[in-house]
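So this first bit is one chain, no partners, the form predicted on its own, shown in structure tokens.
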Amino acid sequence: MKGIIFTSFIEMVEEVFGIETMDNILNKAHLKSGGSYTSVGTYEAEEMMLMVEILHQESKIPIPMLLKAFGKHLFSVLISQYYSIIKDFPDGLSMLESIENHIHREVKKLYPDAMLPTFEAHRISDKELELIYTSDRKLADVAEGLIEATMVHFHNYSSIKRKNLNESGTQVKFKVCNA
């Protein structure tokens, strides 16, 4: 997993829960990396999940809620650093529809070794889009936060319906509808 994910998570925890909480997480986690991340480095996804689990234990906030909040925070980080990738999209549905063919292609130019989830997009109508998220990392909650933040960024008032397509959580369908 790319380091920008880790550095963004640490930033969110420090902003929302405080530096002491983040220090406690790093002390309890005994991470292989030592908890030292650079945005361009590559790290084990298990380290992220361990930090999320410890944050859950510290905060008593359910893991899905923490991951969704992280997805929203991550969107703000990515948009501030890579605005040029999305600046020409007219609305949130258009951007979401282009994740695989545009956004992930641009990400791969920047980070050739990035292991990204896939998003299969199906436009249902002018106001509806279906996205099939697939990833062995089972981070659909993060994806949902990113989707919500995308729609908010473009001032598109929407509803998002979610359905697991398998028991393991590696494939999830999101139906995004503009109001």
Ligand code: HEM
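We number the residues from 1 along the sequence you see. All values reported here derive from a predicted model rather than from experimental measurement.
We do not show the form predicted in complex with the named molecule, though everything after this point is about it.
S.K.: Just to confirm, Leu96 within 4.5 Å of the named molecule in the predicted bound form by heavy atoms?
M.R.: Residue-level check for Leu96: yes, a contact with the named molecule.
S.K.: Taking heavy atoms only, is Cys177 within 4.5 angstroms of the named molecule in the predicted bound form?
M.R.: No - in the predicted bound form, heavy atoms of Cys177 and the named molecule never come within 4.5 Å of each other.
S.K.: With a cut-off of 4.5 Å between heavy atoms, is Arg137 one of the residues that contacts the named molecule in the predicted bound form?
M.R.: Arg137: contacts the named molecule in the predicted bound form.
S.K.: Contact between Phe119 and the named molecule in the predicted bound form at 4.5 Å, heavy atoms?
M.R.: Looking in the predicted bound form, residue contacts with the named molecule include Phe119, since a heavy atom lies within 4.5 Å.
S.K.: So if I measure heavy atom distances to the named molecule in the predicted bound form, which of the stretches 110-118, 59-67, 46-54, 30-38 falls within 4.5 Å?
M.R.: Partner-contacting stretch among the options: 110-118.
S.K.: For the stretch 148-167, I need every residue with any heavy atom inside 4.5 Å of the named molecule in the predicted bound form, listed N to C.
M.R.: Contacts from 148-167: just Thr150.
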